[in-house]
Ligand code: ATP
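Just one chain is shown here, as structure tokens, and it is the form predicted alone.
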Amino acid sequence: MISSEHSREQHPRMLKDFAISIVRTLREHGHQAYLVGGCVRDLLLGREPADYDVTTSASPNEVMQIFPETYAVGAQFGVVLVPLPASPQAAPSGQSAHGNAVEVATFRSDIGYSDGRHPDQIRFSGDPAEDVARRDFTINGLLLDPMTGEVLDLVGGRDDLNAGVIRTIGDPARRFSEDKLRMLRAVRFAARFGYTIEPGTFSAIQSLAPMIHQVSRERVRDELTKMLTEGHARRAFLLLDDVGLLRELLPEIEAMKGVEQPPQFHPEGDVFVHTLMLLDKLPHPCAATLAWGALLHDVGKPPTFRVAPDRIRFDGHVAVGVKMAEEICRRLHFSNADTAQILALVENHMRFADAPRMKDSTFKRFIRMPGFEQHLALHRMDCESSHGDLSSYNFTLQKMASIPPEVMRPAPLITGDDLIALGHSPGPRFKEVLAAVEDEQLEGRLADREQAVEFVRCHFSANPASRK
């Protein structure tokens, strides 16, 4: 049996070989066909492409006749997906549908973009130059003949790859007006590859930045998440700020600029500088919720800033930050589960300072929070991006290591049925009583059911009216 790890390692090679076989088959049927886009760019940069795209003179119907097992996901735009043949190693777990398929698109030109995202009309073409001319950036407009290794460069993409430049194909204002999401993609590619944005392209983004609101919030969220998790988040957010997109999409983050912090705790500088330093420490790969928690952990500081007689203070910034983070998550249409984790990261990021003084029961509940490894990672990065004191972090790690799993999450000593047997009526008070019993258990003061029953008898009357 092939292991999942081996399957993940084999998958890119299989996908590449499959894409090449599609090109070969299309040519055998008399059509032009090339690898195109990001896969060509990445291959020329010596990187492993995440997916493969093919462009061809064959119409969508002809592609579907040649490859009967297809997904006509965008046939109206000339796009079909050809899936990898079924195989024990063809689909690593977690792989997207596109990650297990090759996108095959017909040469075309696009006419009109009234919604700022999709072409109003397309015209199929037999000329690859027409197809390339509609694409976004020169580095994504290269064609590769996989049989000969020849690169067909009709837009100067190789020169821009060599020079490290992000440049639109044709007039930048027109390219961005057609699809406003391209402005975010320009920033993301520049950050990911460490490239500069060509001055005309840069200027067009600055001019059109207010139009970014035409893009769906889900697509904006996904692009921002990629910026945060691809390993170059600090560079991406500096660029977002430079081109004016940060102000449009996340004014709460722009508001951090110039907000001073007490130098004894934050010698690095203002809240914006601190947040960027923290983003620079995000792991790669990185969970999206950790990345957004890092970005938003101090979002409540600007509105709570005040200068007290002793020092700068941000009273209540955590509670304010949770409300602000929730509004941002709702605005960007995060799932309920992701929103809950991001808000938990914001809400609990200051609690580590109290860890050495926590009761055992409080500490155990603290480290039992869902996704606690993300809380721990955020605290470490927060410290490393400010005062550098990791004593609370190290204390937490050491105490966690000293607690056996069965002590960390012990089996309940009593249940609701036991409470009913003791004369308690089912209701909201059950939770209060069971939580009190668990606290005593976590503190090590209750060891068995009999002790737990006696504790309830002594501290919780079965008749609420008689409670003192």
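Sequential numbering from 1, following the sequence displayed. Just so you know, these numbers come straight off a predicted model, no measurement behind them.
Not pictured, yet referred to below: the form predicted in complex with adenosine-5'-triphosphate.
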Exercise: Asp439 in contact with adenosine-5'-triphosphate in the predicted complex, heavy atom 4.5 Å: no
4.5 Å heavy atom contact, Glu69 and adenosine-5'-triphosphate in the predicted complex: no
In the predicted complex, Glu62 touching adenosine-5'-triphosphate (heavy atom, 4.5 Å): no
Phe189: touches adenosine-5'-triphosphate in the predicted complex, heavy atom cutoff 4.5 angstroms: yes
Heavy atom within 4.5 Å of adenosine-5'-triphosphate in the predicted complex - the one residue of His274, Arg135, Arg234, His317 that qualifies: Arg135
Contact residue in the predicted complex, chosen from Lys323, Arg185, Arg217, Arg247 - any heavy atom within 4.5 Å of adenosine-5'-triphosphate: Arg185
Answer range among 351 to 359, 370 to 378, 135 to 143, 197 to 205 for contact with adenosine-5'-triphosphate, defined in the predicted complex as heavy atoms within 4.5 Å: 135 to 143
Contacts with adenosine-5'-triphosphate in the predicted complex, stretch 14 to 46 (heavy atom within 4.5 Å): Gly37, Gly38, Arg41, Asp42
